[in-house]
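Quick heads-up: it's one chain on its own, the form predicted alone, in structure tokens.
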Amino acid sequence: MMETVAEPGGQCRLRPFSCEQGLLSRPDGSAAFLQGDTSVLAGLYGPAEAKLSKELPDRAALEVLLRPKVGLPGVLERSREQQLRQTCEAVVLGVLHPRTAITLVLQVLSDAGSLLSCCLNAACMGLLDAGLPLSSLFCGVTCALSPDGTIALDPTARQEQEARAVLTFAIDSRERKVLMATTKGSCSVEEMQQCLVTAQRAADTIFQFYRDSLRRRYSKS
């Protein structure tokens, strides 16, 4: 079932977003996440038997694969895979599944801005659908700083191109701590703090959407 939410407001607003879980039959968990016209499909496999070369004795080995809409993964995808993996490792209780492998595959369906935050949200919903033990949830929020210092929340591709800086945060659901942050462009420390406060405020809306989406899904099952 597809759930949708939109947050009203000026520049500091989220585009309408929606999510559908359990789309794929082969993975252990799957989710499609849509933010505006940006959409990502996540498939999660595991915990499963790990290859000897990748096996870790004290925890599960987590691998993230990001597939672009067309072509082969490049340097940008490899960098984002590392950011996504570090975020997932911060919340997945891999110590409960030592010597196993968990693989998260993210397929970009369309990119109309804020792609990394959409990947983070799809990853979290995929982890939830797979039933993996988590210490907390997480969400992704992207902010764009215009040349005059205005903050645009959840920017479109055009807003990202015109921005002086684009910042993406991965925020946890327990204490709104930053699990991962990445910046493209230049901004002051004060501007980064303003973007972080805006992102933490937006995270409340996204986590509420998570709860509402799961409640409606499982209340009908």
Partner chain sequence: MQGGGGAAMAAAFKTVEPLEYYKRFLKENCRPDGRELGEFQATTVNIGSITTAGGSALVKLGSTTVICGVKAELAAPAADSANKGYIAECSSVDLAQLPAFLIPSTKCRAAIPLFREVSLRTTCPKLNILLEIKSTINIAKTLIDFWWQCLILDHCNFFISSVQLPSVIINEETGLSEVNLKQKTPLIIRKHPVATSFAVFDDTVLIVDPTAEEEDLATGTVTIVTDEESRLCSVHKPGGSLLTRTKLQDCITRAITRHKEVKKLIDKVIKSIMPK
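Source: prediction; values computed, not measured. Numbering follows the first chain given and starts at 1.
Quick note: we don't show the form predicted together with the partner chain, though the next part is all about it.
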Checklist entry - Using heavy atoms and a 4.5 Å limit, would one call residue 181 a contact residue for the partner chain in the model of the complex? => result yes
Next on the checklist: Can you tell me if residue 52 lies within 4.5 angstroms of the partner chain in the model of the complex, counting non-hydrogen atoms only?
Outcome noted: no
Checklist entry - Any chance residue 96 has a heavy atom within 4.5 Å of the partner chain in the model of the complex? => result no
Checklist entry - Hey, in the model of the complex, is residue 187 touching the partner chain, heavy atoms inside 4.5 Å? => result yes
Next on the checklist: With the partner left out here, which residues of 73-98 have a non-hydrogen atom within 4.5 Å of the partner chain in the model of the complex?
Outcome noted: 75, 76, 78, 79, 82, 83, 86, 87, 90
